[in-house]
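Quick heads-up: it's one chain on its own, the form predicted on its own, in structure tokens.
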């Protein structure tokens, strides 16, 4: 185990503990079983578990050694320019989501991100269709957070 794994794991444990603690301090919403504290606490406890596993070196025996020859993994198509893709997609969401709606905006974002990272079109399109639908279902049905309807309103 490397010292950097211990440091990284410790930072994740501390970050998770802070998220869980601050999340637990959020006030409850009257009439709801699950309030605003649930999500930060869930993420916090997940970070604590993952950080502890990293710090303890669990799973290092499962890591495959790096190949000496160049990998056949798909390369990002845009190279170093691809660094601007995530912030550009966030700006796109901020400006387009009210007009286009969540489903269409998220479809475009996932498709562009997948293709920019080297995904094949046969994989990027189903993920771009299914991902936003699942996220919308989670926010609309489970969390009861309204998302922009736009041009393609959700049928639920």
Partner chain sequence: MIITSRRLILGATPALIAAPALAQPRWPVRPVQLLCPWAAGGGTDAVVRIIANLLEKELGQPFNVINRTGGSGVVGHAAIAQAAPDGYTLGMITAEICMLHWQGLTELTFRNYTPLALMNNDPPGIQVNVNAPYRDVGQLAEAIRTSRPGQLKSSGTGQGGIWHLALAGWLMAMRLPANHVRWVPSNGAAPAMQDLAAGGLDFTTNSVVEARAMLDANRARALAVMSNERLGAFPNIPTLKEAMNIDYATGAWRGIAGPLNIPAEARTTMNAALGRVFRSAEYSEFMNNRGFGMSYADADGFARHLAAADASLGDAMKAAGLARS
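Residue numbers count along the first chain shown, from 1. What we label the rigid core is the largest C-alpha set whose atoms superpose within 1.5 Å from one form to the other. Model, not experiment: these values are computed from the prediction.
The following text describes the form predicted together with its partner chain, which does not appear among the structures shown.
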query: Proximity of residue 121 to its partner chain in the predicted complex, heavy atoms at 4.5 Å; finding: no
query: Partner contacts for 126 to 147, taking its partner chain in the predicted complex and a 4.5 Å heavy atom cut-off; finding: 141, 142, 144, 146
query: C-alpha of residue 88 off by 2 Å or more between the shown form and the other one on rigid core; finding: no
query: Flag for residue 26, CA shift 2 Å or larger between the shown form and the other one after aligning core; finding: yes
query: Residue 131 C-alpha shift between the shown form and the other one of 2 Å or more, rigid core reference; finding: no
